[in-house]
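Here we start with a single chain on its own, the form predicted alone, put down as C-alpha coordinates.
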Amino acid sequence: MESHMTIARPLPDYLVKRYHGWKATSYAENSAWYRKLADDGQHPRAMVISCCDSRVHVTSIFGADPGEFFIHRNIANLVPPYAPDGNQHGTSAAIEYAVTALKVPHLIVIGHSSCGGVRGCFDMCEGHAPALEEKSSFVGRWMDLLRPGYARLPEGTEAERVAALEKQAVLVSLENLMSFPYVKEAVEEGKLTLHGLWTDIGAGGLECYDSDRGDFVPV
(Lines give C-alpha, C1' and ligand atoms only; values in the text may rest on other atoms or scores of the structure.)
Protein backbone atom coordinates (compact mmCIF):
# COMPACT_ATOMS: atom_id res chain seq x y z
CA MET A 1 0.00 0.00 0.00
CA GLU A 2 1.30 3.44 -0.93
CA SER A 3 2.13 5.56 2.09
CA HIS A 4 -0.04 8.60 2.62
CA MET A 5 3.14 10.44 3.60
CA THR A 6 3.89 10.89 -0.10
CA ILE A 7 1.60 13.94 0.11
CA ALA A 8 4.17 15.82 2.21
CA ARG A 9 6.18 18.15 -0.03
CA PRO A 10 9.31 20.32 0.43
CA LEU A 11 8.96 23.78 1.91
CA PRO A 12 8.27 26.73 -0.40
CA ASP A 13 11.45 28.53 -1.39
CA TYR A 14 10.53 31.71 0.46
CA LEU A 15 10.31 29.82 3.77
CA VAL A 16 13.63 28.08 3.14
CA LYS A 17 15.26 31.46 2.51
CA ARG A 18 13.72 32.95 5.63
CA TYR A 19 14.96 30.03 7.72
CA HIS A 20 18.52 30.40 6.47
CA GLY A 21 18.32 34.14 7.11
CA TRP A 22 17.17 33.54 10.69
CA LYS A 23 19.85 30.91 11.30
CA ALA A 24 22.57 33.25 10.03
CA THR A 25 21.41 36.29 12.01
CA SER A 26 19.04 35.95 14.99
CA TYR A 27 20.13 32.44 15.90
CA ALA A 28 23.83 33.10 15.36
CA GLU A 29 23.67 36.21 17.54
CA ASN A 30 21.82 34.38 20.34
CA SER A 31 23.04 30.81 19.98
CA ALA A 32 24.10 30.55 23.63
CA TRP A 33 20.59 31.49 24.75
CA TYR A 34 19.01 28.90 22.46
CA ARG A 35 21.36 26.22 23.79
CA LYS A 36 20.47 27.21 27.34
CA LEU A 37 16.76 26.89 26.51
CA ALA A 38 17.39 23.45 25.06
CA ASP A 39 19.45 22.27 28.04
CA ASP A 40 17.43 23.81 30.89
CA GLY A 41 13.91 23.22 29.56
CA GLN A 42 11.18 25.81 29.42
CA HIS A 43 10.19 28.07 32.30
CA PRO A 44 7.69 30.48 30.73
CA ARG A 45 6.58 33.56 32.62
CA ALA A 46 3.01 33.28 31.34
CA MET A 47 0.61 31.18 29.32
CA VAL A 48 -1.19 33.03 26.54
CA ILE A 49 -4.39 31.82 24.90
CA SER A 50 -4.90 33.71 21.67
CA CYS A 51 -6.74 33.38 18.38
CA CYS A 52 -5.36 31.47 15.39
CA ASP A 53 -5.78 34.66 13.34
CA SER A 54 -2.50 35.28 11.53
CA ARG A 55 -2.73 39.00 12.31
CA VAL A 56 -2.51 38.42 16.07
CA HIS A 57 1.18 38.28 16.99
CA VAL A 58 1.41 38.20 20.76
CA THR A 59 5.18 37.89 20.96
CA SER A 60 5.53 41.08 18.92
CA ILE A 61 2.98 42.99 21.01
CA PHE A 62 4.93 42.28 24.20
CA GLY A 63 8.41 42.01 22.70
CA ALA A 64 8.71 38.50 24.10
CA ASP A 65 11.85 36.40 23.78
CA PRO A 66 11.90 32.66 23.02
CA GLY A 67 11.04 30.72 26.16
CA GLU A 68 9.02 33.54 27.72
CA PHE A 69 5.46 32.61 26.70
CA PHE A 70 3.69 29.25 26.57
CA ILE A 71 1.24 29.98 23.75
CA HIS A 72 -1.92 28.13 22.77
CA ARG A 73 -3.93 29.32 19.78
CA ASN A 74 -7.42 28.32 18.71
CA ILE A 75 -10.42 29.78 16.90
CA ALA A 76 -11.56 32.93 18.75
CA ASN A 77 -9.27 32.34 21.78
CA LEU A 78 -11.93 30.28 23.56
CA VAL A 79 -11.58 28.09 26.64
CA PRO A 80 -14.14 25.29 27.02
CA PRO A 81 -15.52 24.32 30.42
CA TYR A 82 -13.68 21.65 32.39
CA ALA A 83 -14.94 18.32 31.02
CA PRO A 84 -12.94 15.23 32.09
CA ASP A 85 -14.88 12.88 29.80
CA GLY A 86 -11.99 10.82 28.47
CA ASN A 87 -12.03 12.48 25.03
CA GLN A 88 -9.35 14.56 23.34
CA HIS A 89 -9.25 18.20 24.45
CA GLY A 90 -6.40 20.23 22.99
CA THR A 91 -7.06 23.53 24.76
CA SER A 92 -7.74 21.85 28.10
CA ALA A 93 -4.58 19.76 27.77
CA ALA A 94 -2.52 22.91 27.19
CA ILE A 95 -4.06 24.58 30.25
CA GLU A 96 -3.45 21.50 32.41
CA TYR A 97 0.19 21.33 31.37
CA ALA A 98 0.80 25.05 31.84
CA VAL A 99 -0.75 25.19 35.30
CA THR A 100 0.19 21.83 36.81
CA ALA A 101 3.55 21.12 35.16
CA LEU A 102 5.00 24.47 34.13
CA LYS A 103 3.31 26.30 37.02
CA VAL A 104 3.00 29.56 35.11
CA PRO A 105 2.25 32.55 37.38
CA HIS A 106 0.09 34.31 34.79
CA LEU A 107 -2.54 33.09 32.33
CA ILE A 108 -3.59 35.59 29.68
CA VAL A 109 -6.58 35.34 27.33
CA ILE A 110 -6.35 37.84 24.49
CA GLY A 111 -9.13 38.59 22.01
CA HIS A 112 -8.94 40.91 19.03
CA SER A 113 -10.83 43.13 16.61
CA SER A 114 -12.29 41.78 13.37
CA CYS A 115 -12.29 38.19 14.66
CA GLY A 116 -13.74 35.89 12.01
CA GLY A 117 -14.69 33.21 14.52
CA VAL A 118 -16.62 35.66 16.68
CA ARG A 119 -18.33 37.06 13.59
CA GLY A 120 -19.31 33.51 12.63
CA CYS A 121 -20.80 32.92 16.07
CA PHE A 122 -22.77 36.17 15.84
CA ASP A 123 -24.14 35.26 12.41
CA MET A 124 -24.97 31.74 13.60
CA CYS A 125 -26.84 33.01 16.67
CA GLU A 126 -28.68 35.49 14.47
CA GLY A 127 -29.78 32.64 12.19
CA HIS A 128 -27.71 33.81 9.21
CA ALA A 129 -25.11 31.03 9.05
CA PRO A 130 -26.87 27.71 8.43
CA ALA A 131 -23.62 25.99 7.45
CA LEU A 132 -22.27 26.60 10.94
CA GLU A 133 -25.40 25.04 12.43
CA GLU A 134 -24.58 21.70 10.81
CA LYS A 135 -23.31 19.05 13.22
CA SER A 136 -20.45 18.42 10.83
CA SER A 137 -19.12 21.97 11.26
CA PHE A 138 -16.15 21.89 13.61
CA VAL A 139 -16.10 25.69 13.67
CA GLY A 140 -19.80 25.91 14.48
CA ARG A 141 -19.63 23.44 17.32
CA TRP A 142 -16.56 25.18 18.72
CA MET A 143 -18.28 28.55 18.54
CA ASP A 144 -21.21 27.13 20.53
CA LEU A 145 -18.94 27.88 23.49
CA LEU A 146 -19.61 31.57 22.92
CA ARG A 147 -23.41 31.37 22.89
CA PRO A 148 -23.60 32.40 26.58
CA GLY A 149 -21.70 35.56 25.62
CA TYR A 150 -24.11 36.28 22.80
CA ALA A 151 -27.01 36.02 25.24
CA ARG A 152 -25.44 38.82 27.31
CA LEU A 153 -24.96 41.28 24.45
CA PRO A 154 -26.37 44.77 24.99
CA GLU A 155 -28.59 46.55 22.52
CA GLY A 156 -26.83 48.50 19.80
CA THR A 157 -25.83 48.47 16.17
CA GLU A 158 -24.65 45.25 14.60
CA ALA A 159 -21.06 46.49 14.58
CA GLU A 160 -21.26 47.41 18.27
CA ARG A 161 -22.71 44.03 19.19
CA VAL A 162 -20.08 42.11 17.24
CA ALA A 163 -17.33 44.15 18.90
CA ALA A 164 -18.92 43.44 22.29
CA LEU A 165 -19.00 39.73 21.46
CA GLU A 166 -15.24 39.80 20.83
CA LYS A 167 -14.78 40.87 24.43
CA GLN A 168 -17.36 38.37 25.62
CA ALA A 169 -15.13 35.68 24.10
CA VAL A 170 -12.47 36.73 26.59
CA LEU A 171 -14.88 36.87 29.54
CA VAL A 172 -16.49 33.50 28.76
CA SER A 173 -13.00 32.00 28.59
CA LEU A 174 -12.02 33.48 31.95
CA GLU A 175 -15.21 32.11 33.50
CA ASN A 176 -14.56 28.66 32.03
CA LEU A 177 -10.97 28.71 33.25
CA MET A 178 -12.25 28.86 36.81
CA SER A 179 -14.14 25.60 36.24
CA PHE A 180 -10.76 23.79 36.09
CA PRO A 181 -10.07 22.69 39.68
CA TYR A 182 -6.30 23.21 39.47
CA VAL A 183 -6.78 26.67 37.97
CA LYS A 184 -9.27 27.64 40.67
CA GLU A 185 -6.97 26.31 43.39
CA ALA A 186 -3.92 28.13 42.03
CA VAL A 187 -5.85 31.38 41.74
CA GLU A 188 -7.26 31.13 45.25
CA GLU A 189 -3.80 30.34 46.66
CA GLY A 190 -2.32 33.36 44.92
CA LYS A 191 -0.05 31.25 42.72
CA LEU A 192 -1.81 32.13 39.45
CA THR A 193 -3.27 35.36 38.12
CA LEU A 194 -5.77 35.48 35.24
CA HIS A 195 -5.81 38.35 32.76
CA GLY A 196 -8.27 39.25 30.00
CA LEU A 197 -7.06 41.40 27.10
CA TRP A 198 -8.42 42.67 23.81
CA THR A 199 -6.32 44.19 21.04
CA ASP A 200 -7.32 46.46 18.16
CA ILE A 201 -5.31 45.15 15.22
CA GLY A 202 -5.54 48.28 13.09
CA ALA A 203 -4.97 50.87 15.82
CA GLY A 204 -2.46 48.84 17.82
CA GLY A 205 -4.51 49.40 20.95
CA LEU A 206 -4.60 47.08 23.95
CA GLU A 207 -7.32 46.90 26.59
CA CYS A 208 -7.36 44.93 29.84
CA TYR A 209 -10.45 43.77 31.70
CA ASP A 210 -10.84 45.60 35.02
CA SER A 211 -13.04 43.54 37.33
CA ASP A 212 -13.65 46.53 39.60
CA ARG A 213 -15.07 48.58 36.74
CA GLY A 214 -16.62 45.59 35.02
CA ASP A 215 -15.21 46.71 31.70
CA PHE A 216 -12.15 46.73 29.46
CA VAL A 217 -9.87 49.72 29.92
CA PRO A 218 -6.89 50.91 27.83
CA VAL A 219 -3.47 49.71 28.95
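Residues carry their position along the shown sequence, with the first being 1. Source: prediction; values computed, not measured.
The same protein has a further form, the form predicted together with a further copy of the same chain, not shown here; the description that follows concerns it.
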**Request:** Decide whether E185 counts as a contact residue for a further copy of the same chain in the model of the complex under a heavy atom distance cut-off of 4.5 Å.
**Result:** no
**Request:** Would you check, heavy atoms only and a 4.5 Å threshold, whether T59 touches a further copy of the same chain in the model of the complex?
**Result:** yes
**Prompt:** Applying a 4.5 Å heavy atom distance criterion, does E158 contact a further copy of the same chain in the model of the complex?
**Reply:** no
**Asked** Does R141 make contact with a further copy of the same chain in the model of the complex, using a 4.5 Å heavy atom cut-off?
**Response** yes
**Sequence-ordered list of residues in 84 to 112 near a further copy of the same chain in the model of the complex, where near means a heavy atom within 4.5 Å** = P84, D85, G86, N87, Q88, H89, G90, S92, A93, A94, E96, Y97, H106, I108
